[in-house]
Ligand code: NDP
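Okay, so here's just one chain, in structure tokens, the form predicted on its own.
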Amino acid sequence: MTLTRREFTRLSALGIAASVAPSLPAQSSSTKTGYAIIGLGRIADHFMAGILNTSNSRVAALVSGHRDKAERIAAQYGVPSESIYSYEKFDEIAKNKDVQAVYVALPNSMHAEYTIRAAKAGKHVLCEKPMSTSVADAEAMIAACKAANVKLMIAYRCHYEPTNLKAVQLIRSGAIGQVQAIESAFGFPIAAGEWRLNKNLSGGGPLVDVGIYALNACRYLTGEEPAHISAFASVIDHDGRFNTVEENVSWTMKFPSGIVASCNTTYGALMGGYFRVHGPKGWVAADPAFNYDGNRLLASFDGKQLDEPNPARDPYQFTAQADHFSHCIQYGLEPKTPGEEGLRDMRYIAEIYRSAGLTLG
């Protein structure tokens, strides 16, 4: 499904756009990868702030339906006026030699369109998750980037986050023995009026928004792909918020090794994002695991007790993402989280929805 620019402009006016940050120094270096930021909402604000802490990336262009807002942000990041684009004139970015990559920070239903248009313009693409609102769109995004010989990376920031990385390292080292079971969950009570409650824009409810963290975590924690999925969905609060999307989803996954994962996501309750991995020698957990900052590693094995909070503050995860993708662009490397990683999650999400009697997109 696609979201019209008129719908997106209306949503931006309702408060999706990020608050204006203090004035920041201009960035300029021919050695830095220049990013065009497509969509100036909340998550784009985190990403642009993260770019400032890199040595290899800069904000080079902005794409927005609100010229006045874009001009304010351009002044903060040293973006020239001629590098501000409307959605209608986005394709002109092909002529901008200062832009090597784009960051797609739009509502989910717009990810495919602007990834494909960016690829046709010859720009590398860093796209927010979920990658798309359908498996077919995810496949088309990958095909377009391959055809244009540009890189496609999906913004799975936890793949670059120290708490998650150390949990994976402990599991791979055999510290807790052969993994037997995993629990993971992420959710929050959503406010009425959020664009995520409109399936035409989001593609689904909490599963595509925050449940994807639990799904993806089970995959990188085990290093396996699920062989069987079973799921249930429900709506408990019949207050008008969940007319088009689910409120709750619970699912289990069995992996080829026999590991079983139990996952939950919700828009109806406060469900802090966490995971806990069990083995015969102990356990490893992160609680919280998926926050922008404040993540905490917990573990018990071989008589040891670990409690390691990560003191790094937001937007450090976005800095790591930009740094990694720019490095890949500059040195011709494959991103750690390419389009194929996002496609796999889209296929599993579609399977979870099918099992629960729902549809994706």
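In case it trips you up, residue 1 is the first one in the sequence shown, and so on. Because the structure is predicted, anything quoted here is derived from the model rather than measured.
Same protein, other form: the form predicted together with the named molecule, not shown, and the subject of what follows.
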Which of these stretches, 222-230, 155-163, 169-177, 237-245, has heavy atoms within 4.5 Å of the named molecule in the predicted complex?
155-163
Non-hydrogen atom within 4.5 angstroms of the named molecule in the predicted complex for each of 64, 110 and 201:
yes
Just to confirm, residue 283 within 4.5 Å of the named molecule in the predicted complex by heavy atoms?
no
I'd like to know if residue 213 sits close to the named molecule in the predicted complex, meaning any non-hydrogen atom pair within 4.5 angstroms.
yes
Any of the heavy atoms of residue 90 lying within 4.5 Å of the named molecule in the predicted complex?
no
Would residue 48 sit within 4.5 Å of the named molecule in the predicted complex, counting heavy atoms only?
no
Partner-contacting position among 217, 126, 277, 106 - heavy atom within 4.5 Å of the named molecule in the predicted complex
106
Could you work out which of 298, 43, 320, 329 is the residue within 4.5 angstroms of the named molecule in the predicted complex, going by heavy atoms?
43
